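First, one chain by itself: the form predicted on its own, in structure tokens.
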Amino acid sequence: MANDKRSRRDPWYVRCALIGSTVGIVGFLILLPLADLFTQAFALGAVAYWDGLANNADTRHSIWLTLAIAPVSVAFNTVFGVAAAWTIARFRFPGRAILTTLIDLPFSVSPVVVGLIFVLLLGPNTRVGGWLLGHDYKVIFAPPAILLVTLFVTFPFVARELIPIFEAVGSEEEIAARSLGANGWQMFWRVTVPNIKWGLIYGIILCNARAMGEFGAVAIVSGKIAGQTETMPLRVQKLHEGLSEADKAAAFALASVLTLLSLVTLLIKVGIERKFRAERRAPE
């Protein structure tokens, strides 16, 4: 038996080569850039780091705008994702495959193309955009356009996480709850949500991370107006294009904040995955 187990193990040099190459690639592509980012952010000292974030009104506004757009996008796509996943998993209807394909569409369309589509649809020189401007509703080159493109690029995340979960769980527990007298909301909160909670949280985390980091589509529809329509990624680019060392340090400082938000999201994801695995291993 021992010889059989040893015969099925890869040779030590294969294991070392695979582990070493994996660690090396991760270190070169992820850890090294992160280390350089934080080194550059604090290159002029902690005081300059704080000044680049706190004492610049345009930078503060970019942080506020990003932290305002992301939760709204997440909330909308959470509601839509749950409804769409439930509909696709529970019902068979004409156009179901087309609906599933349309949900996946933002994965295959370039964000720059998304931004251009909204400009061509709602720009000031279009029929719809002109009508909106005539009624004092500015969409393109204003926060509403940023929200629209962010909603589009984050559209699939919650739904795609939940569709396979709904299909795997099935509807038996929901049918049993209804047969015992539960109304629709009781069934949803006490049966459906507990069954999908980890997938739902995971989808929300991915959606939030994508919303905060979106650049291409936002760059097209925002106009990059300082203090009005610049999100954190756009502000990082503008500061990095500045000529002074202070601007470049401020760019790295703001990029480090965006990175820290992403790392927090990643840590939450890891914690959720560990808790999910622990629940699956726990005895019934």
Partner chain sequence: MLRSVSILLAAAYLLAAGVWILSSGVVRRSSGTELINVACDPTRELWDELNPKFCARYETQTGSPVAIRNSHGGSASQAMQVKSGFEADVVTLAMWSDTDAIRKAGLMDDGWETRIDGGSLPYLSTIVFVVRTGSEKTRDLRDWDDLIARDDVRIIVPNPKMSGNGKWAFLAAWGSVKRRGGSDAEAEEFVKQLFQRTNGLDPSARAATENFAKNGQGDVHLTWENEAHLEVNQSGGKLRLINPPASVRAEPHVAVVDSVARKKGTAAAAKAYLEYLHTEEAQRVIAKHYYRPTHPEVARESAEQFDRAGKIELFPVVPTIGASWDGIDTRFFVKDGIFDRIYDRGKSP
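Just so it is clear, the structure is predicted and the values come from calculations on it, not from any experiment. Positions refer to the first chain, counted from 1.
We do not show the form predicted in complex with the partner chain, though everything after this point is about it.
When contacts are judged by a 4.5 Å heavy atom cut-off, Trp198 does not count as touching the partner chain in the predicted complex. Put simply, Leu53 is far from the partner chain in the predicted complex: not one heavy atom of it is within 4.5 Å. Mapping the unseen interface onto this chain, Ala75 counts among the residues with a heavy atom inside 4.5 Å of the partner chain in the predicted complex. In the predicted complex, Leu67 approaches the partner chain with a heavy atom inside 4.5 Å. Residues from 221 to 237 that approach the partner chain in the predicted complex with a non-hydrogen atom closer than or equal to 4.5 Å are Gly223, Lys224, Ile225, Ala226, Gly227, Gln228, in the order they occur in the chain.
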